[in-house]
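First comes one chain, alone, set out as structure tokens in the form predicted on its own.
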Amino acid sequence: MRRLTAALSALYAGLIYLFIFLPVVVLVLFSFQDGTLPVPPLNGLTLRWYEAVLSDGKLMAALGNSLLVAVLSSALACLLGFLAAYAFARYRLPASALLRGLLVAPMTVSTLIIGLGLLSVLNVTGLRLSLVTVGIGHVVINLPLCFAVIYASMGGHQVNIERAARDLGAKDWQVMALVTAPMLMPSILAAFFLSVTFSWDEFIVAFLLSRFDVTLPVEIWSMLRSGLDPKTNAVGSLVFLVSVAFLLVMELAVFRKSGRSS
């Protein structure tokens, strides 16, 4: 009976992983297709589609735009999330529970609704659509995540250390920047890398709030309008590779560091 249970559990786990990773495997496999369509049968292996992607000026520009928007918007979202978490954890604010709920509420709202709302606000203010507006949109959708991750790690054991720093003459901003922030660095880095990952391949807000300078997901969507070819598979494989790289960096920089500190 135990062997049967173990076999069924292994089969169940295998089916789950197959369901998750089979589309990625197919995407990467047919990015090497030596033909004009990324469909079976596999006619041979070639790197010419990756060469075509890397030599495409529009795709490389969109790739740089995506990295720029992801890094800067995530950094700003982490900064604002840390300041908000510090205020709610260390000060008594009126209606703090309501304010926290409002701050994390965008996590439950569709990005389409957020994007349309931001587009309406930008039209009223007269701000032209650009990478700046895309970055603003990504800050809006990533700020609740950063706040939730950082606020959850702010415990009462840190208060004594902060109080000791104040007793030694540190000012409030010094305590926050030189004492609290380093103690929360694993959570801050986790929030940052998660935000970068979400912003890196976010499409809806980037599509609604951009015009001429676009991010990589918007450029890929433009390519798909003309039909499938192995070049789109190559682009998708590179996007997947960058996302995995971000997750590996987060694993090495955050979770192992927090494991050693514990």
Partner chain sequence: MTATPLERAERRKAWAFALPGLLWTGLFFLVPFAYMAMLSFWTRQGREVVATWTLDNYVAFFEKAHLFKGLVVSLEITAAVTVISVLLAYPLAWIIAERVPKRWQRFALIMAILPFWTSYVVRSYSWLLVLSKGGVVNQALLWTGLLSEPLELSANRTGTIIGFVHFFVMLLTLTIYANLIQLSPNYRRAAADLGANAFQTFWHVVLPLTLPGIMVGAFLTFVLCIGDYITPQILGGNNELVLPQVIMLQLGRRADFPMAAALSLVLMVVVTLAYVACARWLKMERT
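Numbering follows the first chain given and starts at 1. None of the values given here were measured: they were computed from a predicted structure.
One more form of this protein, predicted in complex with the partner chain, exists but is not displayed; see below.
**Q** Looking at Leu103, Leu189, Ala170, Ala75, which is the one with a non-hydrogen atom within 4.5 Å of the partner chain in the model of the complex?
**A** After the contact test, the surviving option is Leu103.
**Q** Would you kindly say which of Leu145, Val175, Val139, Leu131 lies with a heavy atom within 4.5 Å of the partner chain in the model of the complex?
**A** So the residue touching the partner chain in the model of the complex, by this definition, is Val139.
**Q** Run the contact test on Trp49, Met60 and Val249 with a 4.5 Å heavy atom cut-off to the partner chain in the model of the complex and return yes or no.
**A** The answer is no; none of Trp49, Met60 and Val249 reaches the partner chain.
**Q** State yes or no: in the model of the complex, is some non-hydrogen atom of Leu224 no more than 4.5 angstroms from a non-hydrogen atom of the partner chain?
**A** Leu224: contacts the partner chain in the model of the complex.
**Q** Check Val179 for me: does it contact the partner chain in the model of the complex (non-hydrogen atoms, 4.5 angstroms)?
**A** No, Val179 stays farther than 4.5 Å from the partner chain in the model of the complex.
**Q** If you check in the model of the complex, is Val159 within 4.5 Å of the partner chain, heavy atoms only?
**A** Residue-level check for Val159: no, no contact with the partner chain.
**Q** Could you confirm whether Asp56 comes within 4.5 Å of the partner chain in the model of the complex, counting heavy atoms only?
**A** It does not: once the partner chain is placed as it appears in the model of the complex, Asp56 has no heavy atom within 4.5 Å of it.
**Q** With the partner left out here, which residues of 108-134 have a non-hydrogen atom within 4.5 Å of the partner chain in the model of the complex?
**A** Contacting residues: Val109, Ser110, Leu112, Ile113, Ile114, Leu116, Gly117, Leu118, Leu119, Ser120, Val121, Asn123, Val124.
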